[in-house]
Ligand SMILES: Cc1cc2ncn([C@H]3O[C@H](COP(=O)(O)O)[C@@H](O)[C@H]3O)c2cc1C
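Only one chain is shown below, in structure tokens, and it's the form predicted alone.
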């Protein structure tokens, strides 16, 4: 087995809010969600985490249960949506969204990271983890999309991942 990318549990933020690097804590349902995640995970030899609280709290929970230390890796942080962070998606300026959709890889109308910048940050992590044993990385949906895109998965950028779900990469 290779790298397991695990999306954090539900954050304490209103549904429909644009968030990437904003450090929202886990929702009140964390304990129940974390127990379900822990029960579903296969054995791992190493636990890594995005530095955001919604990830570190879950990684710490898993690490404690499995007797493994947690390593923080800033490459696992979600894409930076700049000025859009914390804004309801319905209130994000339409012209900015249209530009982003039309120039998906290079556009950054929000002033944060472009998808290309994000992808360039994530790929070295993925390449480094290839062949590193069974590693769990507690991270975000954007990173899971980038990993599947890197693996050649068609439509990876449009994929949805429920909170607490994980994918396994060879």
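Positions refer to the first chain, counted from 1. Note that this is a predicted model, so its numbers are computed, not measured.
Another form exists, predicted together with this ligand; not displayed. Remarks below refer to it.
None of the heavy atoms of residue 166 is located within 4.5 Å of this ligand in the predicted bound form. Proximity of residue 118 to this ligand in the predicted bound form falls within the 4.5 Å heavy atom cutoff.
Residue contact check for residue 145: one or more of its heavy atoms lie within 4.5 Å of this ligand in the predicted bound form. Though the partner is left out of this view, residue 44 does not reach within 4.5 Å of this ligand in the predicted bound form, counting heavy atoms only.
When you look in the predicted bound form, the only residue of 37, 129, 70, 141 with a non-hydrogen atom within 4.5 Å of this ligand is 141. This chain is displayed without this ligand, yet in the predicted bound form the stretch 110-118 from 130-138, 28-36, 62-70, 110-118 comes within 4.5 Å of it by heavy atoms.
Although this ligand is not shown here, in the predicted bound form the stretch 6-26 places heavy atoms of 7, 8, 19, 20 within 4.5 Å of it, in sequence order.
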